[in-house]
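Next up: a single chain in structure tokens, the form predicted alone.
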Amino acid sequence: MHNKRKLILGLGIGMLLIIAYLVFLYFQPGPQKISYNEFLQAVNEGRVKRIYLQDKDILNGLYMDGTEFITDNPRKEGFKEELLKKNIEVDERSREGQLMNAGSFILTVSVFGALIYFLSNRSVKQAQSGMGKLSSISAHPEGETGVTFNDVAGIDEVKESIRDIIDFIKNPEKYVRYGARLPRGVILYGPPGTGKTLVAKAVAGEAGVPFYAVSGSDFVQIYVGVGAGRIRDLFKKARESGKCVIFIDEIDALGKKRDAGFEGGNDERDQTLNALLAEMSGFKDNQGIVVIGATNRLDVLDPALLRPGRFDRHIEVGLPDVKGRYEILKLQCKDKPLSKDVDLYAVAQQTVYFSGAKLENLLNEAAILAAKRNSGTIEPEDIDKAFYIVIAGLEKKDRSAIHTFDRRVTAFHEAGHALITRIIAPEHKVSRVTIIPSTKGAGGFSMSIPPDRMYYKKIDMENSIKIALAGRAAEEIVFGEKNITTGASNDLEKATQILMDMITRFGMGKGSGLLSYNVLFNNGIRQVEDEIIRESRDIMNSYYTAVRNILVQNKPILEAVAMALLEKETLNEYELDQIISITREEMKSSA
């Protein structure tokens, strides 16, 4: 609007100048009228400078002193040549036309000049405004989050580790007396869905301070300097709020380790990280601002970010144990009409390795199923069905198109998984075996629930690999090597991942020794790759042979479980154990 007013004002001034010029010309004294003889005399005496020669009765001219005159036009041939011979300038345009052309030129120049000024000024301001908008971040304080530690369950150790941060924020003066410095940053790390964001909100809620929530990806831009500008803008807003909590989710998007690599050491991510480090170092002690970062990958963060004075505390938010899962389930069921028949502790025991988000999803699916039935309460069967929906997806209703051979392959495949689990890992719960295909693409599944443990033993990892290989081994024993299917692809991925962890991370390989190969790879040592592949292949083949031998020895049980699956489609743990027990007795009696 301001630029438009400037343009109108400029055009108005230009028009006034042109009008003033034309008025000046209009009120100038007229040219002197002379006779044609006087004109010829002036030509002979050399007093005529210019003649405006046109096809008119009147001839306009200029004396050498600039005085205008008019005389009769003889309109004779060769008149122009005579004038030129006398060194007189001949202009075939009228004097008035030249004056009008001069006015038009001034008007045109004024208009174009005003337009160019307006457009260039506007584009510069737009570019400045655009860069300003790019460099600003849409982070607004949420004020009172309404979340407290009462809304966080299953991670009591985390709550205790971070509780003094809240006291720091509330009463920084108390710690000043002891010379203590407020922790400037806290890193919460752990698997997805364990409640890192919820903990950060609870810190702000308990302290009663504004909560700024951003994501690491908000600072990653293709334009150099934009990410750093957004960091500065975020911390400027935070300082204006006084005491507050800044939460940066997925902080590894901007805080990865810096190295020269192939892209050089001065790219946009490095500048953004440098800006974050500078801003955190610029905090005044006991200012009451705490930065909480969340990541699933603590190992990829830059050491400068993790040092004291930046992110002072590193708190792991891990998967909850059985007690933690029970507390989370109780919290999630607070506003749900739960049936008295539901045993939440039994559900907690069944949901090994479930995160808080996965437990919430489990109860939400159960609530949806109960609402569909309109039963009034969430029953145990709703939670049971929801459990398998979360794990494997919804059951396919129409199974008429499934080929008989495919059903048999699936039955023996899943029977192999279940049987090997019961033989080599009896401490595992095999809560369900089914050949009903799911919407997640599984042809069936065998649900094996390991016991809750803090550490994996080598035998546990070996058993997990053997259980994964059992499906393929069962297919080969029953249908032959040429009829094995692609159904074991996911099993092979899991088995390979576990085996690679055993060898490269945990030093459990005989030939590979106690080296951490991840460290070697990070340091550029790649010569051992062939040795690892060779050892992994040999170990995997030995496990597969062992599994195959177990299944051959127990082939009657394998066939009995598979036939029961073809008949019932789904077996629970009790039914599976009954089939195994009865068939073993029959094998003993026949022997």
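This is a predicted model, so every value here is computed, not measured. Residue numbers run from 1 along the displayed sequence.
A second form of this protein, the form predicted in complex with adenosine-5'-diphosphate (ADP), is not displayed here; the remarks below concern that form.
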Picking from 191, 511, 380, 309, the single residue whose non-hydrogen atoms come within 4.5 angstroms of adenosine-5'-diphosphate (ADP) in the predicted bound form is 191
Checking 205, 227, 255, 356 against adenosine-5'-diphosphate (ADP) in the predicted bound form, the residue with a non-hydrogen atom inside 4.5 angstroms turns out to be 356
Is residue 198 close to adenosine-5'-diphosphate (ADP) in the predicted bound form, meaning a heavy atom pair under 4.5 Å apart or at it? yes
Exercise for the section: Give a yes/no on whether residue 151 approaches adenosine-5'-diphosphate (ADP) to within 4.5 Å in the predicted bound form, heavy atoms considered. Expected result: yes
Query raised in the report: Would residue 331 count as touching adenosine-5'-diphosphate (ADP) in the predicted bound form under a 4.5 Å heavy atom rule?
Result: yes
Is there a heavy atom of residue 360 no more than 4.5 Å from a heavy atom of adenosine-5'-diphosphate (ADP) in the predicted bound form?
yes
Note: adenosine-5'-diphosphate (ADP) not shown here; in the predicted bound form, the stretch from 499-507, 176-184, 153-161, 383-391 having heavy atoms within 4.5 Å of it is 153-161
